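To begin, one chain is listed below as structure tokens, in the form predicted on its own.
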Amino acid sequence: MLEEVALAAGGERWESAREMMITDDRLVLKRPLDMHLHLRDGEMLELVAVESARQFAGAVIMPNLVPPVTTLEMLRAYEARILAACGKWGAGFRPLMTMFFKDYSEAELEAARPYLFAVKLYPHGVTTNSESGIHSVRAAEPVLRRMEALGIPLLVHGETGGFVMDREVEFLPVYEWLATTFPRLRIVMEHITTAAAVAMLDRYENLHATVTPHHLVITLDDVAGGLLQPHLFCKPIAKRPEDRDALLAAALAAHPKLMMGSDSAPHPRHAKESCGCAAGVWSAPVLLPRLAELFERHGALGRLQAFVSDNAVRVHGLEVPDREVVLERKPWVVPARWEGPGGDPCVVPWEAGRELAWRVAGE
């Protein structure tokens, strides 16, 4: 069924096959982008940044550090630390920087605009390091008006504080209010997880979305249906099979308003394998190989270019390094962990111990 949906929609929505080179054992992606990425800071940044920079021409960097990125000075300093941590890959990787939503003045936004990709809105307390998030989206109207006038996109973690399985659906009326109240504001529903959110993409011209690769694969049953799998626990939490299938069908069909945003979010192993398990899946090392395997399995490998690059470039008018990333059909086993000097920090990746059919060439 998923293959049929993808093939039916793909010819009408996607014209990127000429951009992509595919043979039996080689796949070349042009300027792949991760439109939602957590890199953290300090030793964790030093450990994980290179895993994204070697696979992508650019990535949208989340601002929820401690303290969050809320000024131009903080943004520029964080960008410099990211590029330094990328090492030799930094020249071909563009961090697309964001600031944490607050009551910004017009002067603050104008000063930041040349260096700023977007502003990220977190409702209070809904995810990691969101304690300074806003309590009322409607009360933020003055800032949203300023962003709309300056052409600054709004990225939204769209969840309420309700029952965990219903939080995204409960937030959808807020997206409707945003889309109709600010028709010239480019709005991105971040890491959508439900069939209802997919359906909203076709209702409002200024509404777009990212989706994570792990939400294209797992359901809540994978997280907690047997023994708890802490390295699959994330927010928004994985949902029902029918939600997963709707997300996957849209991705395979290269829906023109849907972009790959990994929400790759590293936490130290001790913070994941604990009674207070931190929310986040660290998927950075396996993103493109895992997606190639998934799209190939559903007969949609030719649409991967649109999902991991072309849609985002078109939606946002992005200028990123004109870089090619080559995948080769060469099986490899995902390591059980990544470790910094002396074993600290230690991070467990998504699909640890699993054999993948594709790998980034040259590894």
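Residues carry their position along the shown sequence, with the first being 1. Owing to the predicted nature of the structure, the values given are computational and were not obtained by experimental measurement.
Although not depicted, the form predicted together with a small molecule is the subject of the following passage.
Interface membership of His191, defined by any non-hydrogen atom within 4.5 Å of the small molecule in the predicted complex, is confirmed. Though the partner is left out of this view, Pro213 does not reach within 4.5 Å of the small molecule in the predicted complex, counting heavy atoms only. Using a 4.5 angstroms limit between non-hydrogen atoms, Asn206 is distant from the small molecule in the predicted complex. For Arg244, no non-hydrogen atom is located within 4.5 Å of the small molecule in the predicted complex, even though that partner is not displayed. Contact annotation: of the candidates Pro95, Gly280, Pro285, Gly261, the single residue with a non-hydrogen atom within 4.5 angstroms of the small molecule in the predicted complex is Gly280.
With the partner omitted here, the residue from Lys239, His255, His267, Arg290 that has a non-hydrogen atom within 4.5 angstroms of the small molecule in the predicted complex is His267. For the small molecule in the predicted complex, the listed stretch (161-169, 217-225, 86-94, 120-128) containing residues with heavy atoms inside 4.5 Å is 120-128.
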